[in-house]
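Consider the single chain below, provided in structure tokens and representing the form predicted alone.
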């Protein structure tokens, strides 16, 4: 299996195969996405309308003067309604004139009339300005309200999509075989569920809908501007490829800078996590100065990457701003000439300048969306690489429920390798129901592999493993593991309380049963001495509990689930003598009436088992009781003798 790379997979900007899979997660929420898209289009139209309201207000109310020719001379005039014109004509007969049956007053002459009459003259314009201002404000409020709904709906939808994806991803991880966890660091798998899904959330949130809107906005602006004045529109359109080129060029360098920043930030986080968790060793060996120097070097690299990122951003925005100002200057110049030539109105020029800012934005957005899309494709590629990893069983189990299991275990000519080298070679043995056996041998002999195979954490390459004469490949792994209890040397406790750690959040197991199990394995006494008893919070991995206490909790956990087959893997290693006595007593109670497999380095703890299997290089080389193996004076005898000498020296 390939490892799930972090930063190395860049991905394509667009991959139709991956996009098709991503859109499947959006399908249940298609209505919401469509609603959000519709709202965005309405908001975009409203944003285009607002500048047009101002244009209309300028042309028809603020500057409603028209140019006419009188005696071969162009003058700017204001047309007056008939009723008002007749009244003003009596007062100002020399100023009020008519042309083609319409009364007018020149711009210069308006200043000559009384201020009250001036107000009467422009009163309709003032009322229209009020209406325009109110309409402008109303549209602003509508944009605010619709934007709120659109952002809420879009974010809610994208979060629901990512929730479904994250849930599916974690459910899949729960079913993955152990080899995946052996070959991939935990942090990498956590990144798949957190960072990569968040990257996809950005895509669902901004790209899918905004891409349509940006194209819609560009098209709408182009049509409106070309309709109003094609000459000024050409000035804006010519600037588009320049802005597009600068934007995509910037994104290339920005992406490289940001990637370098992320890699160095990840390196810094990894260094901090490793050295803060290993602070005891650092202080014990007085490595503070060395660690500080290493941290300074990594931190300096991160600073350089950050400054490069800032530098790229600091250059891009002024360039685009300067280009926008340059195009605005062209618009003002050529637009001004056209106003002077009576080709366009002042409001039209204002509209073009207003639209210019909106004209550049979609191009910059498209460059940004391209960047988000590429990140999303890379994240999706990594996520689907994990989702496509097959689960631990390839066969369809024939038996999904085991009834009346007795606990017989049989290995028939089992061959197994983690990679290419055989760990177990043609291994065969039978454990009868209720029998207590032990496996001993040097490190790497294959003892733990037997447990991994019996619980189907791994599947064998050759041979058969049977429970009650049923091949375990025919049994649903979940059902199989219900009947097998394991107590490991390294006990994993979750960050909850003692009670939930024993029953593993199974609320169908009553508290009384948990307490009874704890009493049987001698854990009840120390648990009740804790500040909150069974409800005492447990820190991460049980850091505040001793090794012996954690081990006793593990025994209680195994007992409360009442398995028919019990496996103890180095359960008494690294335990003090006093605690070992409690644990030995717990073991005796635990294994009673169960098929038990004990793996132990301390040979003194397995003297009373029914059968001891001595393993060497993946094979069983000796078999028998403790006394029988001592009499043989083989490998077991030498191991026992060596341990006895070591304890004697101690």
Ligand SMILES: Nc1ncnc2c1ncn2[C@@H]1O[C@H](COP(=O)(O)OP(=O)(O)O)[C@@H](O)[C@H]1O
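Numbering follows the first chain given and starts at 1. Remember, it's a predicted structure, so these values are computed and weren't measured experimentally.
One more form of this protein, predicted in complex with the ligand, exists but is not displayed; see below.
Exactly one of the stretches 546 to 554, 278 to 286, 440 to 448, 169 to 177 approaches the ligand in the predicted complex with heavy atoms within 4.5 Å, and it is 440 to 448. Checked against the ligand in the predicted complex, the candidates 74, 419, 256, 294 yield a single residue with a heavy atom inside 4.5 Å, and that residue is 419. Interface residue among 458, 136, 330, 384 relative to the ligand in the predicted complex, by the heavy atom within 4.5 Å criterion: 458. The shortest heavy atom separation between residue 423 and the ligand in the predicted complex is within 4.5 Å. At least one heavy atom of residue 182 is located within 4.5 Å of the ligand in the predicted complex.
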